[in-house]
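Only one chain is shown below, in structure tokens, and it's the form predicted alone.
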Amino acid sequence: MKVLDAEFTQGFIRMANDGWEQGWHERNGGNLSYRMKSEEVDMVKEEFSTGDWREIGTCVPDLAGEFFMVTGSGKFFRNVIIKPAESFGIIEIDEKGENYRIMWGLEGGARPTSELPSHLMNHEVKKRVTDGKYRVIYHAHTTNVIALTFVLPLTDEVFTRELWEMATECPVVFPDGIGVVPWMVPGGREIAVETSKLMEKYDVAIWAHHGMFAAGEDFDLTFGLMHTVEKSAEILVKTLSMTNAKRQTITPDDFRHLAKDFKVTLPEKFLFEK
């Protein structure tokens, strides 16, 4: 089967295009990666051509031998749907988890996203803590979440609680909460390490003044998670533009009742009295 005809490739393209249409990917902003299943690799491997090994910039031994579909460095999400083989590609990780090589796509001398270390370190964590269920890591420049990083305290507790209060489904969609990384230079190992620490316990990590990382089992769930967080942030931004004090909101006991009815566990550290 041709890579571009495969169902997982079409899902990758759709997700990238959906993010572009949301306005989350100005110019070459944002990146997306998918850890392929072994049967998917077998399905399309006839189109593979082996490239040279290159350093990842970090070490991910638990991903040794894995294949990833990943967007390219400097590539525009708006072009993923019309120039797929130039905009993203498939890479293989070596037996030590220290190097990668391009097996398909990223034509014209392109390379994987400059934030590949963050993606792979997050994939390594999520593969371990979910018994391999999670396969998607998504980074986008979500406008309202970024705006909130200029006015809210940069703590997991504040961001989680404020976003939970803005839409009733939020504690059901992300019951574990949200992590926050203070501003750091993107693309390097340091921010990758800090993000992967948060991914041990959360599915969403916010990069202050930059954007958001989300992890999930598949394209729909991961995009839906990102979309839910950003919509909640939009409601909060609109609320704060009208008043600096909410007249009424969802209380800690309300959250506890919600958790019981929807059979989710909400950490008590987010249910503090204001």
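When you see a residue number, it is the position in the sequence shown, counting from 1. Note that this is a predicted model, so its numbers are computed, not measured.
Not pictured, yet referred to below: the form predicted together with a small molecule.
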Discussion item. Counting any heavy atom within 4.5 Å as contact, can you tell me which stretch out of 67 to 75, 176 to 184, 100 to 108, 154 to 162 lines the small molecule in the predicted bound form?
Written reply: 67 to 75
Worksheet item: Would the small molecule be touched by all three of Asn122, Arg135 and Thr222 in the predicted bound form, meaning a heavy atom each within 4.5 Å?
Response: no
Item to complete: Tell me, yes or no, whether Lys246 is in contact with the small molecule in the predicted bound form, where a contact means a heavy atom of each within 4.5 Å.
Response: no
Worksheet item: Is Glu92 a contact residue for the small molecule in the predicted bound form, using a 4.5 Å heavy atom cut-off?
Response: no
Worksheet item: Is there a heavy atom of Gly57 lying 4.5 Å or less from a heavy atom of the small molecule in the predicted bound form?
Response: no
Worksheet item: Do Thr113 and the small molecule come within 4.5 Å of each other in the predicted bound form, heavy atoms counted?
Response: yes
